[in-house]
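Let's start with one chain on its own, the form predicted alone, as structure tokens.
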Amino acid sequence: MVARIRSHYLVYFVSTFAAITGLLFGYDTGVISGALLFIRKDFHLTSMMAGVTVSAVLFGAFLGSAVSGKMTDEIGRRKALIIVSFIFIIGTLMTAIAPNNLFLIVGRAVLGMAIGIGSFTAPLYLAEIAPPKIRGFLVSLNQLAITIGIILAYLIDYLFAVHGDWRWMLGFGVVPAVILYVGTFFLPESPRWMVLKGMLSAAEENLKSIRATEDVTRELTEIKQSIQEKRGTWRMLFSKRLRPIMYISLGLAFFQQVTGINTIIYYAPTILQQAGFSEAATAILATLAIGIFNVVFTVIALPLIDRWGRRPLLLMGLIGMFISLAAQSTGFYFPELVYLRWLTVGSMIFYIACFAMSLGPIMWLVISEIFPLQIRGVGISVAVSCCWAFNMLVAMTLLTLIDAVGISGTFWIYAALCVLGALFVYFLVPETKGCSLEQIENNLRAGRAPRELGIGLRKKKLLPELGALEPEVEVATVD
């Protein structure tokens, strides 16, 4: 019992510190929502250029996540986090001193590189060091940190909104970036990555330290047995056996981004001004309330992910998001009714609550769980890259879409996508609570359907006789 308490204490400590990457992710994506109100005035930006300024961070994130898989597999999860923190520092300083909008866009792209690598590496690192029974909780700490980063950004935006000092809004992010940079030197490396690289003795010592016990034989054996080949290839992702995994990962990434979350995070103050909150500070303050609910409901979701499971929360969240988006659309359809502005605020809060308990944390969790170890880095990298590509697409087109079909019509489009997302989850997404990463991998090797990847094996031992994924890949072709 004492060893178990010590184990969880150490894992919680390491996970909390690694999740600072998520805080920076949230801060640097959320802070632009308030800063943009003043940047547009100082640099005389059109709607198109405002969209480019916002989405520059997303373009950088797309590039960063694209290279993160290979980089993290080569140098390790811990060293990747060190590089991420350094890039965060450089990018933050660039945006704070930007003399013109082009320089600001470049600085935002540099920040995006850090976010892209970090959004891949942090959940992967957390998933690989966490015990199965609390893996959902620990990996979702990263999402909690993202929401805290967003609310911190809204708070800083509000504090500096009086004088319109957007440079301080953007520059404050250097503080957590420096903390992360110093702290990453003290984090242990992932034992699973060390086994993948053949460092068995060091992996055993790291695992003993993280689990706070001398007996890690069974877990270490499972990790070693799960590795059929030393390195996965891009071609493996398109094998018949792994294609369903890619569909699940890309589908979750798609629906997380195209169901309206970017509307709230990036443009909430702008939208609230259109709803009738004309003063910038008032709009930002209303956005701050939305950020608080984001944190609160993420905290509520953390224990439920491992208790209720991934699928029930995803389904309930998507249904709730549909209802809230429909309500927001109604509020914007009748702009002459002043009291409906509060319907807009209330439905935005309800939307955030539903997202925070479903797609927000669970997308990152599931894609960090379902890929086999030998292809995990490459697979998650592709999924996260596509996630940022979808994010960039929505951010760049939102203001233009509002001009074309109106804000009410735009929200109805997002509502319809929530319905499609719920159908996707119901028919394809597996329940992985309480299942070890190695069990999920062996279910994949056994040829189980996508929805059954989280079903526990009847035999306690792993199934090495099922064979590696690689031989099939060498002869597989895309259907």
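Source: prediction; values computed, not measured. One-based numbering along the sequence shown.
A second form of this protein, the form predicted together with a small molecule, is not displayed here; the remarks below concern that form.
Residues placing heavy atoms within 4.5 Å of the small molecule in the predicted bound form fall in a single listed stretch, namely 139 to 147, out of 139 to 147, 321 to 329, 172 to 180, 237 to 245. Not displayed here, the small molecule is approached by Trp364 to within 4.5 Å at the level of heavy atoms in the predicted bound form.
Put simply, Gly251 is far from the small molecule in the predicted bound form: not one heavy atom of it is within 4.5 Å. Heavy atoms of Thr92 never reach within 4.5 Å of the small molecule in the predicted bound form, leaving it off the interface.
Contact annotation: Ile261 falls within 4.5 Å of the small molecule in the predicted bound form, judged by heavy atom distances. None of Gln256, Asn101, Gln374, Asn206 but one reaches within 4.5 angstroms of the small molecule in the predicted bound form through a heavy atom, and that residue is Gln256. The partner is absent here; in the predicted bound form, the one residue of Ser381, Thr72, Ser368, Asn391 having a heavy atom within 4.5 Å of the small molecule is Asn391.
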